[in-house]
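Quick setup: one chain, the form predicted alone, written in structure tokens, and binding and motion questions come after.
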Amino acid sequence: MKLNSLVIGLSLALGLVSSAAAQTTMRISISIAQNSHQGVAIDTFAKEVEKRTAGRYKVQPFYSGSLGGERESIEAVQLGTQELTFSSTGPVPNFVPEARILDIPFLFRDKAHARAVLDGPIGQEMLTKFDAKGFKALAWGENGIRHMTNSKRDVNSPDDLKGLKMRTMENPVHVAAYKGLGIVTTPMAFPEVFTALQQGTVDGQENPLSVIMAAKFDQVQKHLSLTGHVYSPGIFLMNKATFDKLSAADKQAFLEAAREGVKANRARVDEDDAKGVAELRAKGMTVIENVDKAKFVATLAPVNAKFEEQFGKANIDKIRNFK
């Protein structure tokens, strides 16, 4: 009898050990705070993965660049030293050059247009370009529509930008466009930006309202202009070899979890955009809402001509005219 209960006890213990061993933990990171549109994206994703795989996969989120800035995280995912990341497309062209086209200024009419393009055939085909580079792109998310802030002066038109030293993403399309506006560009990883603004190493930066609020840039920037010059996509990236090892059902679970993450992410962007101006004004920022956008577009005409050579006018028009 004693032997029997010992055998049962051992089997139970071994069963517990093997079920514990069966849980695989993966890491996902963002370079901004947890209380943000990106934090909501990865927290929702983590919860959904665990639910949809009955706890066999656990995704551990990391925030505020604790595993490195966006570029380092994407690199780590490509190398397989980190399983997942959620990033803006800022540094993505350094890995997948085809994605550069999405960062052209004033390419999208608004968020609805951008979301339709990314969720439709153009965006879905773009996701397949990541496979050859060691990634599985799970879904397009959103970083938001980018606006300019600085510590020197109000910006109503491109003339007001001349000579301003601004942090830009590590992105060739952004750098070329902002130079065309007369900005002194300083590419820099996101985790370094707050300190650079605080110390006056740079005068300004540009980001969606969601990021400006999450990063508390109102503490180091006085002037905000709603330039809306670039729509900034976000993306869920996974190491391709890690994804390929999943069963067909688990692959589906990860893809669906990413889609749920995107829903939560976009809803938070909409919420931030709706309340952001009032909130930042209340925190002491001067907000210029009626920027001369036509003048921005006109000033960028020479740069846009170069982009048309680079990407093909037909490819750009296909995105611009997408209904």
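Please read all numbers here as calculations on a predicted model, not as lab measurements. So that there is no doubt, residue numbering starts at 1 and follows the sequence shown.
Just so it is clear, the following notes concern the form predicted together with a small molecule, a form of the same protein that is not shown.
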- Message: So, residue 146 and the small molecule: in the predicted bound form, are they within 4.5 Å at any heavy atom pair?
- Response: yes
- Quick one: is residue 223 in contact with the small molecule in the predicted bound form, heavy atoms, 4.5 Å cut-off? no
- 4.5 Å heavy atom contact, residue 115 to the small molecule in the predicted bound form: no
- Message: Using a 4.5 angstroms cut-off on non-hydrogen atoms, would residue 85 count as touching the small molecule in the predicted bound form?
- Response: no
- Item | One stretch from 249-257, 72-80, 157-165, 138-146 that, in the predicted bound form, holds residues within 4.5 Å of the small molecule by heavy atom | 138-146
- Heavy atom within 4.5 Å of the small molecule in the predicted bound form, from candidates 238, 235, 173, 211, belongs to 211
- Query: in the predicted bound form, which of the listed residues (32, 262, 28, 49) lies with a heavy atom within 4.5 Å of the small molecule?
  - Reply: 32
